[in-house]
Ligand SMILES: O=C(O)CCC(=O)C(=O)O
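There is one chain below, alone, in structure tokens, taken in the form predicted on its own.
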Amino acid sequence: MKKEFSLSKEELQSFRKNGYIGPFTLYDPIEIQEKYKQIRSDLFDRQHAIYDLSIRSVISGYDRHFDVNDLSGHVMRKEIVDRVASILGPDLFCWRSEMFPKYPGDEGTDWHQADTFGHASGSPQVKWPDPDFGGAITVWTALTEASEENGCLRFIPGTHEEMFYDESLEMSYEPDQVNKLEKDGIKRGFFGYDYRNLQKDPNWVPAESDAVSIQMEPGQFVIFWSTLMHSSWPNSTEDRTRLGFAARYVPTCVQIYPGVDEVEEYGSTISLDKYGVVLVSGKDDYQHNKIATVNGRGIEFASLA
């Protein structure tokens, strides 16, 4: 059934060909400015965050939709969910969210793809019924301007149907390499990892000439397959932070963190005791996952698998 914000036939064709669609405008300039101020303030309060207060790494930005009100509402917005349902079907989980700040002088993020999301932890975090299929839909929202100067996303269209990386290979965390790795004259790493270690062919080089920059105004979002080759520019400005928020969606048939009680990434370990997927559309007929109900200040578990 077509919903209010469902993708059109032409948009779906474009998405299937290129692996992404957008940007779309969700918030007007005044609204996003106010939300940005409130979100930035709320992020500092970790009293109700589901992961340990002592974490001081990239992983500390995971899943703040559980305890930051504006992010709780954001992952359920019809403008987002209707479009994602056009791609994945009506029964949907939001299984993770991540904050992506890029401060003045920060390196770019290297080209990468995510299929099982086991690239950093070593264990698959997403398991589809079909072992030959994987990934998730990412909805990346610009909370600030995202330009080539301050670190916008880059995509290589059409690369979402072939994995150039093997996420089961070893990729060691090296925090001393953050903002120091240089590739082809550009500083770009992967938050302390070197994604080249996962290449199936060590001599393969991403087709930079085919890349497109996804520049966005504050309040806009873009939808893409996590298996699409994507990266970001460095922030070459002196005073313009780029802040993005990524929400990740899968159909309810997908198992999340199968057989895993904790996740180790970026030099930190988080317990999944307080974790649960959020049902944002339809119903869950599979009962693979623990479902959490977001209440704005922590979570409640609606059901146990």
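Throughout, we count residues from 1 along the sequence that is shown. If you're wondering where the values come from, they're calculated on a predicted model, not measured in any experiment.
Keep in mind the form predicted in complex with the ligand is missing from the figure; the text below concerns it.
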### Query
Using heavy atoms and a 4.5 Å limit, would one call residue 221 a contact residue for the ligand in the predicted bound form?
no
### Task
Answer with yes or no whether residue 260 is in contact with the ligand in the predicted bound form, where contact means some heavy atom within 4.5 Å.
no
### Message
I'd like to know whether residue 242 contacts the ligand in the predicted bound form, with contact meaning heavy atoms within 4.5 angstroms.
### Response
yes
#### Entry: is_contact(residue 216, the ligand) in the predicted bound form, heavy atom dist at most 4.5 Å
no
### Query
Out of 64-72, 244-252, 273-281, 41-49, where are the residues with a heavy atom within 4.5 Å of the ligand in the predicted bound form?
244-252
### Message
Please identify the residue among 116, 109, 159, 97 with any heavy atom within 4.5 Å of the ligand in the predicted bound form.
### Response
109
### Task
Report the residue, out of 153, 85, 229, 142, that has at least one non-hydrogen atom within 4.5 angstroms of the ligand in the predicted bound form.
153
